[in-house]
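Quick heads-up: it's one chain on its own, the form predicted alone, in structure tokens.
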């Protein structure tokens, strides 16, 4: 595709369709800082809200980007296609100088769905509140997200002997930071309530060796608790394509 044809196609699609380009280009940026990206092969995406993303062949994050509502000016000559992007709101300017266009395609994409996130630490806390036996048969939950000076306690309760229990949940792994956080909560509850018998429990799928040692040094406990898999249950309810009758 020659530069003039590419210019027309990009201008026609701007703000209406998502544009994807594979191109050899260099990039100049001025805004939060100033940067220059020397000539190389890149993936250039201009979304329907005028967001601009420039990706290198490796890594997941864009090397350059411009936010929504960016305005574009396209110019060309026999050797170069220039895409000038300006975002007045964020006071940013970016220029892509394309030396060779390998691929150019645009399409009006429709997607009104929201990302559903399940199995968070909040969900874990709710699960423990509803199923206290995950901690122990004697555990009686009182509240979740109890406020302290240092943040919110995920689950707060007591055992059969009347000891207060502070539970900190982690989605993946309990590390030294998680143990230190639990200790701060326990010490804060001791000071606020004026009592000594406050236990700490770290609830998570797994714990690092150093964190487990620190946990025991503080007299706390580790409980292996897996986050709820709500979405997995939903997938089980959905029929597979081979389950539909012909």
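Numbering follows the first chain given and starts at 1. Bear in mind the structure is a predicted one, so any value in this text is a computation, not a measurement.
If you look for the form predicted in complex with the DNA, you will not find it shown, but the lines that follow are about it.
Q: Find the only residue in 95, 138, 121, 71 having a heavy atom within 4.5 Å of the DNA in the predicted complex.
A: So the residue touching the DNA in the predicted complex, by this definition, is 121.
Q: Considering 84, 171, 144, 100, which brings a non-hydrogen atom within 4.5 Å of the DNA in the predicted complex?
A: Here the answer is residue option 171.
Q: Is residue 151 close enough to the DNA in the predicted complex to count, meaning some heavy atom within 4.5 Å?
A: Flag for residue 151 set to yes.
Q: Even though the DNA is not shown here, does residue 176 get within 4.5 Å of it in the predicted complex, heavy atoms only?
A: Residue 176: contacts the DNA in the predicted complex.
Q: How about residue 89 - does it come within 4.5 Å of the DNA in the predicted complex, if we only consider non-hydrogen atoms?
A: Residue 89 belongs to the contact set for the DNA.
Q: Using 4.5 Å between non-hydrogen atoms, is residue 193 touching the DNA in the predicted complex?
A: So residue 193 does not count as contacting the DNA.
Q: Going by heavy atoms within 4.5 Å, which of 177-185, 38-46, 193-201, 216-224 lines up against the DNA in the predicted complex?
A: The contacting stretch here is 177-185.
Q: Listed by sequence position, which residues of 188-215 have a non-hydrogen atom within 4.5 angstroms of the DNA in the predicted complex?
A: Those in contact are 206, 208, 209, 210.
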